[in-house]
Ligand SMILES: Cc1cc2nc3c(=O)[nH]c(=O)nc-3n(C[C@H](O)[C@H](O)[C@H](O)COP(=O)(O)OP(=O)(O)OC[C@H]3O[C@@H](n4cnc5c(N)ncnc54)[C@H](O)[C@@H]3O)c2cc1C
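Starting off, we have a lone chain in the form predicted alone, written out as structure tokens.
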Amino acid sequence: MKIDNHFDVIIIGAGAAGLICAIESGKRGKSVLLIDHSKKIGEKIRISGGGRCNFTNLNTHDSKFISNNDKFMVSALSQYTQYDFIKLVESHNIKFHEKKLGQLFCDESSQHIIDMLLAECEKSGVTLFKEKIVSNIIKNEKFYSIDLGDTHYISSSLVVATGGLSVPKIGATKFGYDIAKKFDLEIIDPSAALVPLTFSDNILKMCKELTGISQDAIVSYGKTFFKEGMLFTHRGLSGPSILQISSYWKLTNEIDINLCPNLNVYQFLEDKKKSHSKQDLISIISDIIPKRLAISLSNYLNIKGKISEIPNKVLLNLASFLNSWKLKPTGTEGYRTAEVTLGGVNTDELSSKTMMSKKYPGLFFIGEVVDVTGHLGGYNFQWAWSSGYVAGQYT
């Protein structure tokens, strides 16, 4: 087998984390080989944010992340902050805006972020291989050896930036977990996160009838809750509040939905019963939720007629439903539509300061392949930038 080249650093995966790591390693004068199995680089960046890339969040903080070690991400996030990445974006004259809740999007296209990262890689002297499959990895006393077909490359540092299992149609695989297992590193079982929830029977029927309707809601699971938009779909429930809670929800358990988070519905109905006694109930609750939803819930609960004719006990049941609708999802839509993967390489295996394996010097894991999962809204990209930057300082 031919020995073709020796690099200081080899990075497997040219997504967000891999690209920023390559840039930082190259800036330090290291010879860097960045390998990806896809023809197009940065596809997850390209499709994110509706094609405008929600590249970070002004409110980035360790509390916005989930991990078996809830403080693991503190070091990386402090070494490379959201403002550091914003500075890089501004240096390339990429125009952006804050949409809501601190979320930053490109004014035009997410391709600008990809082009920026590739330009920085070129400036840092990074060698980029596309459409290359790593067939084997070997560790000896000094080097990591990477087989690419009939050629292999060696390096002192190996960085695994292969991502998780979400959105397989753009190339997501379990390869990063396989590498971790090869080196006897523990994996926190992966699962789909930031993903729509599915239901069965009457609830699914209702969701199908209400497809396209959105409603601001507080969605809770235990003590965790999110107050954002919720969307009915032909498969179940989606929208930001549902995606957020999906990262916390456990199978067979209930979630709680407050469809009127700014209103005591029973008090509202009592007042209406006194002031508009002849008004139809559906007409009244259509003032606080979409009419199609009002009709559907009226049918579901079998509550109809003039409000004056409806007993307070029945109104209380309706109010309890609107302020605390308890639902038991049957599952999620899975990795096909998940924005990110929960779980991954156990953070106990890695240094939070460097992202390097505690067992194997020179072996790094960064980005989504690690058991760090951000909330919706640019946090997962910031984790990619921060973890990639940190590894780049120590490769």
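The first residue of the shown sequence is 1; numbering continues from there. In this text, all values refer to a predicted model and were calculated from it rather than measured experimentally.
The same protein also exists as the form predicted in complex with the ligand; that form is not shown, yet it is the one meant from here on.
- Not one of 94, 109 and 389 comes within 4.5 Å of the ligand in the predicted bound form, counting any heavy atom.
- At the 4.5 Å threshold, heavy atoms of residue 54 reach the ligand in the predicted bound form.
- Taking non-hydrogen atoms only, residue 48 approaches the ligand to within 4.5 angstroms in the predicted bound form.
- Not displayed here, the ligand is kept clear of residue 59 by more than 4.5 Å at the level of heavy atoms in the predicted bound form.
- Proximity of residue 175 to the ligand in the predicted bound form falls within the 4.5 Å heavy atom cutoff.
- Only one of 345, 342, 35, 363 lies close to the ligand in the predicted bound form, with a heavy atom inside 4.5 Å, and it is 35.
- Here the chain stands alone, but in the predicted bound form its contact with the ligand, taken as any heavy atom within 4.5 Å, falls in 38-46 among 38-46, 323-331, 349-357, 23-31.
- Residues of 352-368 placing a heavy atom within 4.5 Å of the ligand in the predicted bound form, in sequence order: 366, 367, 368.
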